[in-house]
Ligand SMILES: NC(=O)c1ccc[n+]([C@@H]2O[C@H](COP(=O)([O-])OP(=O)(O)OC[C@H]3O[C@@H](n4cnc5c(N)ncnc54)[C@H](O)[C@@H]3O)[C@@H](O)[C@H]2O)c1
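Before any questions on binding or motion, here is one chain by itself as structure tokens, the form predicted alone.
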């Protein structure tokens, strides 16, 4: 686990960048829009909630621009990204932040099994993030690369009883990073995912009292926003992480945010694989992954000869 801190000298690299963000009206998204604009970025953000979005747009004008957007709608997201490109001529940073939590246990025995449960968490949290990543990468490619930051949750890698659909949806967001970053990095697109623990937003109102009574760590929305900014600036350092003289990109990382601090945890998960999977299994897995990543393989049947 690596403790991450925002490097103040890199904040100037945000100036002039264009960011597109979903779920910008409140909470983590709102704080991210504010921090990006504070350091000179232009931000086009989407949300379904208009009043706080318009207030934020007015507060940060002309650096922030609001487009009403239902993240689960592909056409809405196309319009969001097009608005950013039409207005500023490029996209450098994409933040797939929009997310919801429905505080209802659909596996409760008292639930009516004949009633189909809502899958809105999947639609917004997972499907919406896939839409943001797909459309966002199209625009990032046009500018020669950039940063794609996905916002998951501690529920993206840890079990959480009573929130099965939410947990599945946030595991899916981590899966987007793991499924995408190997092919995105060669295109100079760095994909990372943020997994915050308890953060003071509307989602956690029901657990705040007990949380504080137990002295558990708490994030403010600006703490998680800062982790997003770390991802958006990490690859602009002149030095940085190196291996055999070559600079390594800050990509394919999971950033865990707890008590206002950010930690990179994916590297440790991968390095400990022989311990939890077994040395032989890990060696076979590595060989298999190398084959699957080679130019001689493709999952796309249309490309098979």
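Residue numbers count along the first chain shown, from 1. Everything quoted here is computed from the prediction, not taken from an experiment.
Keep in mind that the form predicted in complex with the ligand is missing from the display, and what follows is about it.
Student: Quick check on this chain: which one of 74, 88, 139, 197 has a heavy atom within 4.5 Å of the ligand in the predicted complex?
Tutor: Spelling it out, the residue with a heavy atom inside the cut-off is 197.
Student: Between 191, 151, 94, 84, only one gets a heavy atom within 4.5 angstroms of the ligand in the predicted complex; which residue is that?
Tutor: The residue in contact is 151.
Student: Select, from the options 40-48, 258-266, 56-64, 274-282, the stretch whose residues sit within 4.5 angstroms of the ligand in the predicted complex by heavy atom distance.
Tutor: Within 4.5 Å of the partner lies stretch 40-48.
Student: Quick one: is residue 33 in contact with the ligand in the predicted complex, heavy atoms, 4.5 Å cut-off?
Tutor: Outside the cut-off, so no.
Student: Examine residue 201 and determine whether its closest non-hydrogen atom to the ligand in the predicted complex is within 4.5 angstroms.
Tutor: Yes, residue 201 sits close enough to the ligand in the predicted complex that at least one of its heavy atoms falls within 4.5 Å.
Student: If we define contact as a non-hydrogen atom of the residue within 4.5 angstroms of the partner, is residue 166 a contact of the ligand in the predicted complex?
Tutor: Yes.
Student: Can you check whether residue 146 is within 4.5 Å of the ligand in the predicted complex, heavy atom basis?
Tutor: Output for residue 146 is no: heavy atoms all beyond 4.5 Å of the ligand.
Student: Could you tell me if all three of 176, 251 and 254 have a heavy atom no more than 4.5 Å from the ligand in the predicted complex?
Tutor: Checking in the predicted complex: none of 176, 251 and 254 is within 4.5 Å of the ligand.
Student: Sequence order please: the residues of 82-103 with a heavy atom within 4.5 Å of the ligand in the predicted complex.
Tutor: Read in sequence order, the residues that approach the ligand (within 4.5 Å, in the predicted complex) are 97, 98, 99, 100.
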